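Shown next as structure tokens: one chain only, the form predicted alone.
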Amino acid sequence: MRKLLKRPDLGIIIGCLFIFALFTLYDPAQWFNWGTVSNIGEYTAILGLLAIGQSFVVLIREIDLSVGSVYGIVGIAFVGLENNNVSDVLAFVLAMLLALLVGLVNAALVIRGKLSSMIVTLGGLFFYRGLIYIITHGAVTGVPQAVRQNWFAQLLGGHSLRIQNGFLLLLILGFLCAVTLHETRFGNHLLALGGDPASAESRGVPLGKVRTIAFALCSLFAGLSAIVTLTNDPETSVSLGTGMELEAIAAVVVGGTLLTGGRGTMLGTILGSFFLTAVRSEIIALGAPPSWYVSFVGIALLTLVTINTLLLKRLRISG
């Protein structure tokens, strides 16, 4: 029991069990409908991939507010390449290289420029969003139907045994990232940097390298999330990804990752994404206005963070 109470994601585990029980009792026909399950899985994958990348940055006491715009510009770049008869695989590689470049630029400005990650990525949020409008002139076409039927697009956006492949990809990458975080030297360096940068540096942790990789991974996951979205849903617009940076941060924090760094799990991040997505789906099913979901996110954020904080304080006192 004590080991369970030490988990940073205990609050979101309780939260997910609560909403599962609540929706099962209140609206079982809708909650256990396969269409609902499929939609929740699809949007959990989109938000979850974005949030996993954000987790790497939050764990080192930084933040990336540009991920929504990176999601947008990488997605628009992927669509543009596809519409210019570039092969699926090459379009994917080039779009992901663009995401990587954005992450490296963010890291360079934070590390070498000695700038706040909040300021750097807030600037990136506006810059990349404006760039989308400049490049597209406000008009974007979706991924062509023929392209969506190709094997590569189906691999990312299709279905296997009625399960959305993006959701399977989320589970696979989530597992690999969890192993990386808790079982590898890089993971130890990541948590050490987030826990106490001065102590980590004194023990030989390459702070610059760890920060660079974290920002690069954050942008790469944002780009991957966009491509998974567009291979499944051909509709797109210049507003693609707008506001998603806040949802991603909310999913990370609700999942138990501390904004002060050094403590968190990938399972918590995925469950946080599921929690927010499931609630939004149920609110839509009930016909409630979108503002209800926005209000709920605020309440859930405060409630679960409070629970995690109280549990952490209690463990410190009893320890």
Partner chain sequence: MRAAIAHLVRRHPEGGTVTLVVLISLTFAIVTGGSWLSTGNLQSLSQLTAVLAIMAFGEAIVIATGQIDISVGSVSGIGALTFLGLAPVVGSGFGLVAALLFGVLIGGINGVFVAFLGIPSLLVTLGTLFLFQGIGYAVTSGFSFAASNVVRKQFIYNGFGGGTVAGVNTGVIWALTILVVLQLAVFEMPVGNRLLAIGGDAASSFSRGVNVTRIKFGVFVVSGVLAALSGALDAAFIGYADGSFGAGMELSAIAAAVLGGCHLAGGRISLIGTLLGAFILRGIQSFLIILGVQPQWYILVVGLIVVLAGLADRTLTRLVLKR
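Positions refer to the first chain, counted from 1. Note that the coordinates shown come from a computational prediction; the quantities given were computed from them, not determined experimentally.
The following text describes the form predicted in complex with the partner chain, which does not appear among the structures shown.
Participant: Counting non-hydrogen atoms within 4.5 angstroms of the partner chain in the predicted bound form, say which of 79, 240, 249, 210 makes the cut.
Facilitator: The residue from 79, 240, 249, 210 that makes the contact is 249.
Participant: Tell me which of 176 to 184, 211 to 219, 189 to 197, 116 to 124 has residues with heavy atoms within 4.5 angstroms of the partner chain in the predicted bound form?
Facilitator: Heavy-atom contact with the partner occurs in 116 to 124.
Participant: Residue-level question: is residue 294 within 4.5 Å of the partner chain in the predicted bound form, judged on heavy atoms?
Facilitator: Contact check for residue 294: yes, within 4.5 Å of the partner chain in the predicted bound form.
Participant: I'd like to check something about residue 97: if you look in the predicted bound form, is any of its heavy atoms closer than or equal to 4.5 Å to a heavy atom of the partner chain?
Facilitator: No, residue 97 stays farther than 4.5 Å from the partner chain in the predicted bound form.
Participant: Would residue 131 count as a contact of the partner chain in the predicted bound form, using a 4.5 angstroms cut-off between non-hydrogen atoms?
Facilitator: Yes - in the predicted bound form, heavy atoms of residue 131 and the partner chain come within 4.5 Å of each other.
Participant: Please determine whether residue 299 contacts the partner chain in the predicted bound form, using a 4.5 Å cut-off between heavy atoms.
Facilitator: Judged by the heavy-atom cut-off of 4.5 Å, residue 299 is in contact with the partner chain in the predicted bound form.
Participant: Even though the partner chain is not shown here, does it sit in the predicted bound form so that 17, 60 and 271 each have a heavy atom within 4.5 Å?
Facilitator: No, because 17, 60 and 271 lack any heavy atom that approaches the partner chain to within 4.5 Å in the predicted bound form.
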